[in-house]
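Next comes just one chain, in structure tokens: the form predicted on its own.
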């Protein structure tokens, strides 16, 4: 590894498993100090111990708890240079039978916490005067939603929009904000709903003939978090193996 994040301090929400864990692993390997914020305590602590990160339990649906936990994490790290908003859920429901509770829960986890974490972390970055990097996890669904994804796709499109505004408003402080739009990535999320036939069909959508793995997303996140990504901001970057090209 290049150690291109040496001396950087990063907070990753939803870092206990899946794409979040892979991002944590990559950041640590690249030299960063990392704090994981996650509701999954046993998995979060195991990940932190395995890779050399810190774990802080937080339910991102609770804004007050999230703000307090962020304050503790920033204090433990001695500051913050990178924020990765990765916490999220994936649910499927037909549009005409979707309940308002399902809709609200999706936005309460996939979108609203990004405002809370961005506000808290950006204030710390601005006070420190060192600039910073914000990476928000959106989805291919935010550009091309699929059947049964009305709430999920809408929440991820909103993540892209929020990221653009974040880039516009915080750029003067040297803070970049970009969104990642993964396609089909083989993680624990959604594992119970996919079959071998599904995987084969989805793989055919990519010119590369395969689905993504968490490391594919983590590599792009590390690029954006490093000085190599200093002149990229407000972008919604596809990590889809060519399934989406706009």
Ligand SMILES: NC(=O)c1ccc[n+]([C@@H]2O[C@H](COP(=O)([O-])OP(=O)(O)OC[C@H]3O[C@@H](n4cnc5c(N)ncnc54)[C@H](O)[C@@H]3O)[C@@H](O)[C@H]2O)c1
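Residue numbers count along the first chain shown, from 1. Predicted model, so just to flag it, every value in this text is computed and none were measured.
Another form, the form predicted in complex with the ligand, is not on view; read the next lines as being about it.
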Could you work out which of 167, 77, 158, 89 is the residue within 4.5 angstroms of the ligand in the predicted complex, going by heavy atoms? 89
Pick from 215, 198, 49, 188: which residue has any heavy atom within 4.5 angstroms of the ligand in the predicted complex? 188
Taking 17, 40 and 137 as the candidate spot, are all three within 4.5 angstroms of the ligand in the predicted complex by heavy atoms? yes
Answer range among 171 to 179, 67 to 75, 148 to 156, 127 to 135 for contact with the ligand, defined in the predicted complex as heavy atoms within 4.5 Å: 148 to 156
Decide whether residue 210 counts as a contact residue for the ligand in the predicted complex under a heavy atom distance cut-off of 4.5 Å. no
Would residue 60 count as a contact of the ligand in the predicted complex, using a 4.5 angstroms cut-off between non-hydrogen atoms? yes
Test of understanding: in the predicted complex, would residue 109 fall inside 4.5 Å of the ligand by heavy atoms? yes
